[in-house]
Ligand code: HAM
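The chain below stands alone, shown as structure tokens; this is the form predicted alone.
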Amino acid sequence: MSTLSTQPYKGTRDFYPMDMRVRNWIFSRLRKTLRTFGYEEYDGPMLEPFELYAAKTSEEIVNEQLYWLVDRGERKLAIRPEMTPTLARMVAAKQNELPRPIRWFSIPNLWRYERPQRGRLREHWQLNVDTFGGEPITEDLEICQVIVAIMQGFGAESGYEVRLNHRGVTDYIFRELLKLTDDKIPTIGRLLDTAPKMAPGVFAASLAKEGLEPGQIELLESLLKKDACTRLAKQLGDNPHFKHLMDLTAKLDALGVGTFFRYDPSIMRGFMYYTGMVLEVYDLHPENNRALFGGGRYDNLVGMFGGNALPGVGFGMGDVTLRYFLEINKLLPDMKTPRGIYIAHLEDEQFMPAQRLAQDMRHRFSDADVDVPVMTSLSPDKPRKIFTTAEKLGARAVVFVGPDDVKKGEFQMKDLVTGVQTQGPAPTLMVTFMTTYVNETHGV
């Protein structure tokens, strides 16, 4: 019989306790920031009807990346590759009951069959943030503020950039300035979307291969330059979508966060349901200069389910690229910082007194609303072995429970970092630990 592999399925990850500690810390920061804006958390099923994505998602995902199955009732189902169609279905189902504006977020587990590479796996978790029921300019402004607040919540005051575009502006450029036919627009749009990743000259050569004239190629290449906004301003004139972007950036400036944003007409976003503003957030670190996450406006998506059209805007942030950003910019806390208390008994007779002491301390920490792990030994040991075990478990302090300690009702606690010892009953040990260590430990 062959030995089973210990490796996870390609493109997925095992989350050992230390990895879960990082993930939980990241997710808790996200939730904390979003709740300050009034966003509420929701979730939906991992399995959805195949048709939901066939009708509402990009062709690339449906044709190449979608995991699907047929259940025992001969129903064709898909494992969710993104959350927005599920969100739109849920909102449409109770559209008339939900208070406006709708502010929702979720951190679902998503699956896409694609080639695993840095920042892109087959399974990942993704923060989705969406708002419905307001005016386009106010919704767009809020979602942009939320992005900055999330990044600042992790301590990122620089090192990233939010690039904005508008599908209406892109459509005007394609149809009015470039005079592209309807059948050419999807192909040219995909080329423009991937142009920043192409080697020099490849974009122009690809456009020429599609039959574009030198003047058209020159205009498209100019969209990739940082001064594109200045170059296009005169050509776009009174275009209402361009004015929307300029109004949006002016309001962001007025709120003191405009330096994080710039107009970039090359931003396309691949999903067919985007109708207005689109955005992508880029890491500016030279070792990780890439798109982190993105999103945009989708005014028609909810209406596709038979309800009334409901304007909405949102973004999705994958956990893989976010963690790379935090790591490379040194924004993650030291998850190995010793924390918690290890209570160890020296003889079998002290097992239950040690358990009662641990129970007492857990209740006290809980009543104080302080997150301090209180671990116990499950077998008696010598002090030297107790110290070794406590350090491996990540404890900051050890409390010994011996026969004399039980008689007196006072116990010895030793700080494993400083070596300082404290003696006293449970309340004394708890206060000492909180006063000395709580502010030093992450997540407390």
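All residue numbers refer to positions in the sequence shown, first residue = 1. Quantities reported herein were computed from a predicted structural model and do not represent experimental measurements.
Separately, the form predicted in complex with this ligand exists; it is not shown, and the next lines address it.
This ligand is not shown here, but in the model of the complex it comes within 4.5 Å of a heavy atom of Phe293.
Among residues of the shown chain, Glu176 is not one whose heavy atoms approach this ligand to within 4.5 Å in the model of the complex. Put simply, Glu161 is far from this ligand in the model of the complex: not one heavy atom of it is within 4.5 Å.
This ligand is not shown here, and in the model of the complex it never comes within 4.5 Å of any heavy atom of Asp171.
For the residues Gly276, Gly134, Pro108, Gly119, the 4.5 Å heavy atom test against this ligand in the model of the complex is passed only by Gly119. Of the candidates His241, Arg89, Arg112, Arg103, Arg112 is the one whose heavy atoms come within 4.5 Å of this ligand in the model of the complex; the others do not.
The stretch in contact with this ligand in the model of the complex, judged by heavy atoms within 4.5 Å, is 293-301, chosen from 218-226, 349-357, 203-211, 293-301. If you take 61-83 and check each residue for a heavy atom within 4.5 Å of this ligand in the model of the complex, you get just Glu82.
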